[in-house]
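In structure tokens, one chain follows: the form predicted on its own.
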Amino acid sequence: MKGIDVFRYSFSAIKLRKLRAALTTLGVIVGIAAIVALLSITQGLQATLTGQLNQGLSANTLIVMPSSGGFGGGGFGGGLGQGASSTGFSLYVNNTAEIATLSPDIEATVAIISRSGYVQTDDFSRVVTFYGVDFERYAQIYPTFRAETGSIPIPPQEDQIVIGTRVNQPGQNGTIFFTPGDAINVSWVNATIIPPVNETYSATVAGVLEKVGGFGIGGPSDTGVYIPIDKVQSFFGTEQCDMIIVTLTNSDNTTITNVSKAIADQFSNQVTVIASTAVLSLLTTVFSTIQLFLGGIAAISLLVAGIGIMNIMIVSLIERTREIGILKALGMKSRSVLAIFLGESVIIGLIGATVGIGLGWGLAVIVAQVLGSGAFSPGVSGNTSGAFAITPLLTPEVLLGALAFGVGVSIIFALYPAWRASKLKPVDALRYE
């Protein structure tokens, strides 16, 4: 039989058993939909996080922290600690000059002091993270440190501050609490003395940052309040810094490795030097593992569908034993019988995979919209709704892989019943009741 005749015969056999074929196809649809939905959401989440990290991290920067210091500032939410490791080692603001002399590949250095506190007016109070930085150097390293209203004062006066857009508009709904020129109180609880006391000074809002939208380690944050580092040193009574950002002349791996080693050696390996590129690489590795894990879970449902296909094919073989006997008695070859049964599985796999891909994509979009509405998501810097926006991605690899997987599973699980059908002897088949 010609290939087109085989598929016509296979399709007609499926049409005669519509309900059974539909239930068999449904198993493939569910499995493929699960794979497509999970992988699309995961890839969309990866793209979102990578994009936001790229906004908050410059490829040619290094972050230097005390060895046991944790990530926590620059857009992650809280403060960065107290600038000291568990071993008692501390970084100081004047270490920036020391680091700058270690290599000609070092372009600039800037220290960051971070503390939690409050900004207050007569009718407003908000917990924020204060960042003490050199405004001029910080703006050179991070182009996102740019004012939407007002300006970034260079050099700033001691009482001038710059605030993130989500401090100015917490709900991002048009309700603005401060404008450049407004006076607000900056406060923190000084627990270094007993009893603790509230330290407060009056500051002037010099500028409100443009929406950053991303998050990174040390980079500008929509939820941060930026204060001249000299004022922070006197206000918080410390010379210790939580991290030092180092800008390199380029982002070559050799340069990053050499400078990182020079910095670690200078401080007797008591500091951790983090490359921005390493953070992005780690993120990619983590998400690749997650995709593999979720894809494996979804594939289990497709394997269950494959067992269903085998079961249906065996039942179909029993029901059509006499039919097969007649066909073989009329001269049909065994390979043609094999091709007919495999043709049925291919058709079921194609229909199931195609519908499953469409259904999976639809589910991914719905889930992303639910997550983006904030129903299950905490607020993230830069989201207008306060939720974590995810745009599902259906890559060609996922599309073709799902299609091939659906058809492949259908064929594999149909091989045994198709082989049994092709080996039936005409006499035995015709005698079958």
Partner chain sequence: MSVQNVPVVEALNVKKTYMLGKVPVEALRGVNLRVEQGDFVSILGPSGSGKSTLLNLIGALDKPTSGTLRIDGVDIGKLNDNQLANLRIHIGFVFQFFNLIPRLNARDNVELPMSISNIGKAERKKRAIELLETVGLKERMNHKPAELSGGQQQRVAIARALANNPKFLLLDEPTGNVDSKTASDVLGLIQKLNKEQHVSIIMVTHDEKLAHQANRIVKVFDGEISADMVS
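Residue numbers count along the first chain shown, from 1. The shown structure was predicted, so the numbers you read here are calculated from the model rather than taken from an experiment.
The discussion below concerns the form predicted together with its partner chain, not included here.
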item: Position in contact with its partner chain when the complex is considered in the predicted bound form, options R166, R320, K231, R115, heavy atoms within 4.5 Å; value: R320
item: P155, P196, G331, G296 - the one with a heavy atom within 4.5 Å of its partner chain in the predicted bound form; value: G331
item: Its partner chain contact at Y9 in the predicted bound form, heavy atom, 4.5 Å; value: yes
item: 4.5 angstroms heavy atom contact with its partner chain in the predicted bound form for L327; value: yes
item: Interface membership of L415, its partner chain in the predicted bound form, 4.5 Å heavy atom rule; value: no
item: 4.5 Å heavy atom contact, A13 to its partner chain in the predicted bound form; value: yes
item: Its partner chain in the predicted bound form: contacting segment from 333-341, 261-269, 184-192, 89-97, heavy atom within 4.5 Å; value: 333-341
